[in-house]
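For this one, two forms of the same chain are given in structure tokens, first as structure 1 and then as structure 2.
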Structure 1
């Protein structure tokens, strides 16, 4: 059994699998989620329930969070019942939510004042990557804290890279989401063209997925769309949140990202149609309508 005791906050599509891997590795894990039913699987496995982020952090040496939006991250750490109100000095806080780089920097600074190491470590790989412990984990924060956290990261992910100082993990995740956004538009247009040209998209996929056009999204998400499977490996609403963060950050850098702006408009349209809780592959289902 490891000497680290872990509080895991956020047991949704991704967090549930990530916390489960830590338990399988022998860590003691206490959990908190706003909706307790989403933590039941972990509780049945032996996780301990806590009633708030503060209660979860009180007896922990490491707190890991993966929640929905930047405002949720801020409340989880800085609120009256937040992690920083109880996590002991010398503790390690790791936010794995995709959030704002500036918020990551603020949390790091607040942690330094409290004697707590804070890292931003967003992930990529979706529900499948979380279940199979193959996530790519992009880490920002102090090097000493990174080496302390690395054994935990390696249990949850397959690729773990320390990108630099606080906020660097979130900035790297923005690079990831920007690339995905352009790729998803390309996939939707490619397969819409195939259908209009009288081809069978399924057989087109067989020809192009192993060539230069191939990608993780093509291999994993397009077959789901062909089966009318729009279950969320990653929610439309969360992807739109990420794109808005990327555009806000780009604006601060005085950088123009027209492709990302287009993707944000298309996903905003999906939300307006009531598809915010579907997976990002829902773009394929509605692409012709969205145009």
Structure 2
């Protein structure tokens, strides 16, 4: 048994399952979350409550964060009551939020000044992947820190890959989101054309889903849209956040991504129509009207 003592910050739908797996594996876990009620399940299971990131970090050897937006990450680490104000030298801080590569690099740099190892390790696999510990964890940071963190990653995820130095985890997650974005456009246009052309989209799917057009999104998201089920597997608003991060990062690299831009514009439109809390399959609803 490792002697790491873990502070887990962010007990939303993802973090809750991830922290729970760490507890099941025998780690002592202290938690902080902006909305305390969302930590209740973990507290009942024996997790210790802390009133701020700083309070959670002060007697921890490892801090894991998975919060909402890059601003929340910045506040959690750099704020007055942030992790960096208390985490002892020799500590390890792992941000698993999908956030900006630049911010990951900045936190790593700040950590180095403080004698703290910082890693970025965003995930994919959704709430189900978190519950079943099958997440893909994309890791950026120093190699030594990666080997220290690996046993923890393997408790929370199924595919754990060290992608490179600080920021590389976030950049890999952006590769994931960019690939999804193009695929979603393709599906939206395909379904839109099918309807306009007088086909039955459900019957079209029978012909195309197991061939070269096949994808995870086609198999998993399109049938939900057919049932008018727009409940979020992944929120429109979060996907838009990710696409904006990707475009900002691409922009810094002087790289044009017109397909990703198109996707961002359409998801922006969905948000402006009030659909931010639907699942990403909302793009398949009235594609023409979004253009």
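For clarity, a rigid core is taken as the largest C-alpha set superposing within 1.5 Å between two forms. Since the model is a prediction, treat every value here as computed from it, not as a measurement. Positions refer to the first chain, counted from 1.
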**Study point:** Form selected (criterion: the form predicted together with another copy of the chain)
**Key:** 2
Point to revise | Point of rigid-part switching between the two structures, i.e. the hinge, among 194, 176, 78, 52 | key: 176
Practice item. Rounded to whole degrees, state how far the smaller rigid part rotates against the larger between the two structures. Key: 10
Review point. By how many angstrom is the Cα of residue 212 displaced between the two structures when the rigid core is overlaid?
Key: 3.3
